[in-house]
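Next comes just one chain, in structure tokens: the form predicted on its own.
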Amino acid sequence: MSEHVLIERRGAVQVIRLNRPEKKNAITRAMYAAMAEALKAGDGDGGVRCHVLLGQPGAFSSGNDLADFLAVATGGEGGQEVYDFLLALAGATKPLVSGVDGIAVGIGTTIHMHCDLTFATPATVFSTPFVDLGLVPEAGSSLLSPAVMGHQRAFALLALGEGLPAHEARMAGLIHAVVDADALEASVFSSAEALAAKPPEALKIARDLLRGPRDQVVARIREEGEHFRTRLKSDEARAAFMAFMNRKTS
């Protein structure tokens, strides 16, 4: 497990909280592994009826830890932890409820496309600068987002890199509700606990019917992943990563 991912139980609700505020919850491979393990363990535990995903005040996540990705881009190996997490996320058998405040970049945005209910504060902006980094969409987002918000809004988010403020995200169907920051976690837990109290077999059938078969989503995650791994070692991505790292240290 990772010290930067806190796992706790609140009755029948499993809480997975990103806990790396000093890095705006940039997600490392160890954090991906911890989240994947928690999702799989919760799905296999009859006492868990619902998963909750949370970040920190001001930052759900700034995206992938670029130091990890730069290591891969410059010839290192790895990345299976990310893939394991995405498959655990797409294949989760119990409801997923998330709460977002502030920064939600890259995977910090696409993770919510797999959630059943997402609450965000007015300060939240969802953004996916994949193409700017020489990369491609991930987490099945190239399939899921056009289905939710239509091609042009999805293209603006995933290809143009245009940010999506919380109120626009709600109108686009990406999230369920916008709530004040001081009401965020109460709203998340209220819905999670309500779901956890429902008849579990009926809820599972209803959720499966609403989400549909996962085969296409998993296939798209695999397809995106192949492109992503290739792009990580491309000249475009290396140049973009180095430029970004140089800006941070200058």
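Not measured: the values here are computed from a predicted model. The first residue of the sequence shown is number 1, and the count goes up from there.
Not on display, but discussed next: the form predicted together with a small molecule.
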Taking the small molecule as it sits in the model of the complex, is Leu66 near enough to touch it, meaning that at least one heavy atom pair lies within 4.5 angstroms?
yes
Is Glu22 near the small molecule? Define near as a heavy atom within 4.5 Å, in the model of the complex.
yes
May I ask you to state whether Leu53 is within 4.5 Å of the small molecule in the model of the complex, using heavy atom distances?
no
Check Ile103 for me: does it contact the small molecule in the model of the complex (non-hydrogen atoms, 4.5 angstroms)?
yes
Which among 206 to 214, 38 to 46, 22 to 30, 184 to 192 is in contact with the small molecule in the model of the complex, heavy atoms within 4.5 angstroms?
22 to 30
Any chance Gln14, Leu117 and Lys198 all have a heavy atom within 4.5 Å of the small molecule in the model of the complex?
no
Between Ala166, Leu133, Ile111, Val82, only one gets a heavy atom within 4.5 angstroms of the small molecule in the model of the complex; which residue is that?
Leu133
